[in-house]
Ligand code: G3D
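Form predicted alone, single chain, as structure tokens, below.
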Amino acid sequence: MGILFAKLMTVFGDREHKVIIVGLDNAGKTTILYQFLTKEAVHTSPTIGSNVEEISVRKTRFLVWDIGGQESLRASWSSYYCNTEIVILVVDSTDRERLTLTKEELHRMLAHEELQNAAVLVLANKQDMKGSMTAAEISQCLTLSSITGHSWHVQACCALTGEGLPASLDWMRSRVLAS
């Protein structure tokens, strides 16, 4: 009976789902957060610490934490992991040089006990830029196929135009409704 009640509460939107947005500096994390919220591109500056916003998608509520990606801040990411249901990893699709570093950070994160049940959404941002890697290339470089303990999805997107972001919100909603 308790499981049925919890499912009904989820369907009717009374439960908030925790999401963290991570990625290296300048990947577009904050721009994506505010594109989710306002459906407009906003001018941002580097995030020191975090930003948090509530986003609703058809009666499903997400509390989204955007965490700064500078090297000095990455050690503190783990302090945000508790109760996280979805990890959004934002990747700058033009930053080929740092993709190995992104892969290392992703796999380090997913090894953390508090994220063992979290789903992973990789946003291949900056698809509007010449020479950007495709979502499939990014998936291969991040060795996502080796991730078997988490459901994951890669979505090509552009934070400035919002392209690809509605599909990513739909995927997030389907994940929390399925759990």
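In case it trips you up, residue 1 is the first one in the sequence shown, and so on. Just so you know, these numbers come straight off a predicted model, no measurement behind them.
Form predicted in complex with this ligand: not shown, discussed below.
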query = So which of Val122, Ala27, Leu142, Ala118 reaches within 4.5 angstroms of this ligand in the predicted complex, heavy atom to heavy atom?
reply = Ala27
request  = Decide whether Leu169 counts as a contact residue for this ligand in the predicted complex under a heavy atom distance cut-off of 4.5 Å.
outcome  = no
ask   = Might Thr31 be said to contact this ligand in the predicted complex, defining contact as any heavy atom within 4.5 Å?
value = yes
ask   = Using heavy atoms and a 4.5 Å limit, would one call Ala159 a contact residue for this ligand in the predicted complex?
value = yes
ask   = Does this ligand get within 4.5 angstroms of any non-hydrogen atom of Met129 in the predicted complex?
value = yes
